[in-house]
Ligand code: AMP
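First, one chain by itself: the form predicted on its own, in C-alpha cells.
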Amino acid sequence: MFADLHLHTSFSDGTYSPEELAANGKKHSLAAMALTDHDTMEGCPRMAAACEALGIEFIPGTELTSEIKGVEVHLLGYFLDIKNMRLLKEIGDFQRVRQQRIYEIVARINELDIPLKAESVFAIANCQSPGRPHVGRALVQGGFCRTMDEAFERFLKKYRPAYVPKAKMSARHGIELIHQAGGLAVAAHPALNQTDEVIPKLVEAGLDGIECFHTKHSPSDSKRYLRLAEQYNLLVTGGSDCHGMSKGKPLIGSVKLPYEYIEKMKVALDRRRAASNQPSPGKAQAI
C-alpha cells in the first residue's frame, strides 16, 4: 500500500479538479492521498468525496509559506480540521495577499510594454489562491510567451523583472497554527528550499516531520533526510508535488510513500490528541 502526500488542484496552482486528481490516484493504485493546496483547504470536501467513491483514504491538508532565520520554509499541514476558524481566517488573509501580488506582478509586466491584464490572470486562476503559474499561463494564452518555461525565465523567476516576493509567516507561527488546527507540521521538499541549516531551529519550534521523498529529491537527498529524520526523531513523509499538467506532465505516481509512514503519523497524532482530548484521525477522515 502506498500514498502520495503532496498534491495540488485547481483550487490553488494545479490544473486537475479534485475529481480528476483522485481518479489519477486510483490509476496509480494509491491507498491514500493528501490534498495540500497553497493557502487554502477549499478543495478538501470535494477531494474527500471523490476519494471515498474510489476507496482511497483522504488526508486533508494545506501548504503554507514561512521563513526562519531568513530561509524560506514550506510547511505541509496534515490531518487538519478544515473548519478550524483561526486557520481559515489566517489563510484567508494570505489569499488576499496572494491576489494583491498578482496585481503587482502584472504592473511590472506592463512596465515592459506587455499589455497583460490582471483580469486575465484571475480568470485563468478561478480560485482564491492565485500564484505565478497563473500569470505564466496568462502570458502563454495571450501570445506573449510560447511556453511556461519561457514565461518564468523571462519574467517570473527570482531576480527576473516581474518577480514579486511572496508573503511569509514565521515558521514558528505556521507550526503553531497547524497544531492548533489538530494537525501535523512537516517541512516540504527541504532540498529544493535548501533548509538543512535551519532544521534544528524548526525542531525547536515544534516541527513534526520532514518530506524525505519528493520528485526533485535525488536518492542521496532522500537518504540524507532520512538520516536527519532519525537524528531529530521526525516523522517521514513524501509526495510527488503534482500540479496536474501545469508543469508539462503529471507527476502523480512518481513518488509512492509506503503506508507504514502514514501509520506512524497517526500514532504521533493520536498521542497528541489524547493529551488534549481531541478526536483521533482514525482510518479515514470525515469532512
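All residue numbers refer to positions in the sequence shown, first residue = 1. For clarity, every value in this text was computed on a predicted model and none was experimentally measured.
Omitted from view is the form predicted in complex with this ligand, to which the following refers.
Using a 4.5 Å cutoff between non-hydrogen atoms, Met148 counts as a contact of this ligand in the model of the complex. A residue is said to contact a partner when one of its heavy atoms sits within 4.5 Å of a partner heavy atom; Lys166 meets this definition for this ligand in the model of the complex. In the model of the complex, at least one heavy atom of Phe152 sits within 4.5 Å of this ligand. Using a 4.5 Å cutoff between non-hydrogen atoms, Arg98 counts as a contact of this ligand in the model of the complex. Residues placing heavy atoms within 4.5 Å of this ligand in the model of the complex fall in a single listed stretch, namely 98-106, out of 170-178, 98-106, 81-89, 186-194. Contacts between 122-136 and this ligand, taken as any heavy atom within 4.5 Å in the model of the complex, involve Gly131, Arg132, Pro133.
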